[in-house]
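Consider the single chain below, provided in structure tokens and representing the form predicted on its own.
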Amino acid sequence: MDILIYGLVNSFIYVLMAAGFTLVYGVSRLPNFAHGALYVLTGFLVWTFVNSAGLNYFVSILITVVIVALLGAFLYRFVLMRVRGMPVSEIIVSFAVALIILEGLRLQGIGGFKGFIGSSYTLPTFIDRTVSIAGVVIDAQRLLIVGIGLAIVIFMWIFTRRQKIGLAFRGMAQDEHAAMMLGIDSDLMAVLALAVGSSLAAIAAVAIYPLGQVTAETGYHVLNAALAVCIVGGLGSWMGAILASFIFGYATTFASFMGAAKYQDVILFGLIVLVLIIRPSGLFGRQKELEERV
């Protein structure tokens, strides 16, 4: 029962970490390697607004989500748009932006790699209590993560099927050239996708950071997790990303209960290798299959 409940929580943590990355790649085919850096930046900004500016916690969260969303749009409009269509350059440029953000935050005193002791940047929990479910004691913040993750999945499903912009996102994800022939502006959709994807990274940070400390190292971990989920699930596939999140969530939880928590990254990348050997395009990816048909 412990594995079942905590595995569910960890699965939704992976969903939150990967949602923004999956959306951006699905709509614009841009691998946003600054995703993890935006996640860390969110934690730092919320902490700064609360502790230095004296703002209300929820007001600080709202302001930060808006700032990070605008930063994502700015990142595409003035940086990534210049190299779009050049896969290697897209990765290098977005990762360079991530390094600038993370190393800049490290200079502010945020702890970095393991063993480095920096200032204590922590976010308060939304609900400071524990709950017992089927004899398993779990803190309410983890249950809130499940609720937020589920709400995002439902919202994105409705948004991409009922709203005009969401339908345009689906069109771009399915066939960019056909969508452009129907009058959909590819660059505008990419700007909006980066904005929404960045805001999803911010929401994930606000939900997950109360469980731990804001550190620069987290940015690399979140990027690794998002990449793992998207690659295994199939790049750009929402259903694949959700399924992969549950695979990783339960695999890492089982490893922790077996006393092998330090091997979680090995499990993460080992599953990537295993899945790609069996299905090169991922569990729900179709790009490789379509290329083979052609």
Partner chain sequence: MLEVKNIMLFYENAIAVNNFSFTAKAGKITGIFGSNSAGKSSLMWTLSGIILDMRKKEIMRGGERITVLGEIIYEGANIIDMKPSDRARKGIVLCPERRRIFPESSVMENLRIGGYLANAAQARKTLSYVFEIFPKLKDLRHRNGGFLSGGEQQMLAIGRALMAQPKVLLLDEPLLGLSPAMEQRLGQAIKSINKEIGVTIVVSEQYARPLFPIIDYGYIIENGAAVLEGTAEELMNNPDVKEAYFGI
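Computed from a prediction, not measured in an experiment: that's the story for all the values here. Numbering follows the first chain given and starts at 1.
Quick note: we don't show the form predicted together with its partner chain, though the next part is all about it.
Chemist: Considering non-hydrogen atoms and a 4.5 Å limit, which listed residue (L143, M189, V153, V93) is close to its partner chain in the model of the complex?
Modeler: Selected option: M189.
Chemist: Let me know the one among A179, I101, A195, I138 whose heavy atoms come within 4.5 Å of its partner chain in the model of the complex, would you?
Modeler: Contact with its partner chain in the model of the complex is made by A179 alone.
Chemist: Tell me the stretch among 144-152, 78-86, 201-209, 217-225 that has any heavy atom within 4.5 angstroms of its partner chain in the model of the complex.
Modeler: One stretch meets the cut-off, namely 78-86.
Chemist: When you measure heavy atoms, are G249, T253 and K262 every one within 4.5 angstroms of its partner chain in the model of the complex?
Modeler: Spot residues vs its partner chain: no contact at all.
Chemist: Counting only non-hydrogen atoms and a 4.5 angstroms cut-off, does L167 reach its partner chain in the model of the complex?
Modeler: Contact check for L167: yes, within 4.5 Å of its partner chain in the model of the complex.
Chemist: Find out whether any non-hydrogen atom of R161 is located within 4.5 angstroms of its partner chain in the model of the complex, and reply yes or no.
Modeler: Heavy-atom contact with its partner chain at 4.5 Å: present for R161.
Chemist: Evaluate Q174 for contact with its partner chain in the model of the complex, applying a 4.5 angstroms cut-off between non-hydrogen atoms, and reply yes or no.
Modeler: Yes.
Chemist: Would I184 count as touching its partner chain in the model of the complex under a 4.5 Å heavy atom rule?
Modeler: So I184 counts as contacting its partner chain.
Chemist: In the model of the complex, which residues of 130-154 put a heavy atom within 4.5 Å of its partner chain?
Modeler: Contacts from 130-154: none.
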